[in-house]
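Next up: just one chain, as structure tokens, the form predicted on its own.
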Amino acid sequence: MLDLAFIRSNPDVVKEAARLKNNSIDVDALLALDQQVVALQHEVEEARAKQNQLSKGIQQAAKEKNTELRNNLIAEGKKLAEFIKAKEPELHQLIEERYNLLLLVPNIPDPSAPVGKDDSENVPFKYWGEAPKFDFQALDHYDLMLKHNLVDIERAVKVAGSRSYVLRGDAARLELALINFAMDKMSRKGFTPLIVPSMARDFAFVGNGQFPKGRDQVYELKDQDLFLVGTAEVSITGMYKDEILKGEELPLKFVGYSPCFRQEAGTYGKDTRGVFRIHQFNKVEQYIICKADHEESVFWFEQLLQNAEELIQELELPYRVVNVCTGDMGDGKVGMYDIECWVPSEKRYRETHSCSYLHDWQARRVNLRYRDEEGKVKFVHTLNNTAIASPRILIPLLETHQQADGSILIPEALRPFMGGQKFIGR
């Protein structure tokens, strides 16, 4: 969320951010509600101050044995107590309403972010690698997986319903290799490996920015205040709720693994073939907590992108990087890059990684702060980026590395995690 004082002082800036992000928040209604809260708080605080004065007056009247004055002051104090008792529930209700509206206020996008309405207006700015040219009849990822008995969707659907899958044989080993490859590389870069809960309480989703919006994408464990995460980011954000960190501890650099779950609401009929859009997947996530400094945030933003690019380059996958436009980046982001890998069967790039920085938008929602060198307490900045998400990354990997004899070449970087195996199906 944004600082309320900032919203009060810059309503037009916030309105423009909402417009750019296709966010329907009524900033004027929020500010009107805020004025009600402030006015009622003032009334209640004044009543409490009068209570304190009356209490002193009652004590003085008792000392002076002025019974009539003491009784009058006691009666007046009772009226004030009744007033406060009547107004406090109303005040608490208004504060809660204001808080719920504040959760919907978007972050201010960086001026470098392209202005656009949706993903069709994202701006590619970097390309790496060349799309493979096959001199044989190339297969798509699903046909390749069927050919080598790497997947069983029919039996998975029997167990868990649509958009489910079972990885078999070398596909299961390949996914584990990818996860270990990403965790190993990131830990060698100084990131602390975490295996985090795949279940989190409501506050963690609110803190991460997935609630109150996005509830329709999340699986809920009924009557337990628990939900299944779609990224380790949710759990890591929640881990530090209400903490004040030492400035010298920052930045905190994590690489978190978790099984992830997503409803895929609103995607009926889209990407139904194979394992592109599924309800359960495994993901390794990069996560940074740093000081409240824009330049430092931008430094780590670019570093997280570079880390992901290095991983993909070692997998020998052609890709492009796009600067995500304001209408596609989501409420919490200041800036966002997507990495899209080339999928030969579709002759287009598909998103495999998302890199974001959010300034203190998440930190305010979970009350995560640090004490700087001057002793001042400030909200931290947070950033995140995918390291590896599988099985989606298997799609470009299997298709790009298929061979004329039908086998699949395992990239050299993964072979140490596959027992030295060089091919699947040979």
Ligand SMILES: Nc1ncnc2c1ncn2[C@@H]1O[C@H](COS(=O)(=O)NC(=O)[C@@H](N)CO)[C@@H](O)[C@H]1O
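Residue positions are given as counts along the sequence shown, with the first one as 1. Keep in mind the model is a prediction, meaning the values are calculated, not measured.
One more form of this protein should be noted, the form predicted together with the ligand, which is absent from this view; the next part is about it.
Engineer: Select from the listed residues 354, 345, 303, 122 the one whose heavy atoms reach within 4.5 Å of the ligand in the model of the complex.
Structural biologist: Partner contact (heavy atom, 4.5 Å) among the options: 354.
Engineer: Going by a heavy atom distance of 4.5 Å, is residue 278 a contact of the ligand in the model of the complex?
Structural biologist: Yes, residue 278 lies within 4.5 Å of the ligand in the model of the complex.
Engineer: Would residue 235 show up as a contact with the ligand in the model of the complex if we use heavy atoms at 4.5 Å?
Structural biologist: No, residue 235 sits far enough from the ligand in the model of the complex that none of its heavy atoms falls within 4.5 Å.
Engineer: Is residue 175 near the ligand? Define near as a heavy atom within 4.5 Å, in the model of the complex.
Structural biologist: Residue-level check for residue 175: no, no contact with the ligand.
Engineer: Does any heavy atom of residue 262 come within 4.5 Å of a heavy atom of the ligand in the model of the complex?
Structural biologist: Yes, residue 262 is a contact residue.
Engineer: Establish, in the model of the complex, whether 206, 360 and 365 all lie within 4.5 Å of the ligand, using non-hydrogen atoms for the distance.
Structural biologist: No, the candidate spot makes no contact with the ligand.
Engineer: Within 4.5 Å of the ligand in the model of the complex, counting heavy atoms only, one of 59 to 67, 22 to 30, 40 to 48, 388 to 396 shows up; tell me which.
Structural biologist: Going through the listed ranges, the match is 388 to 396.
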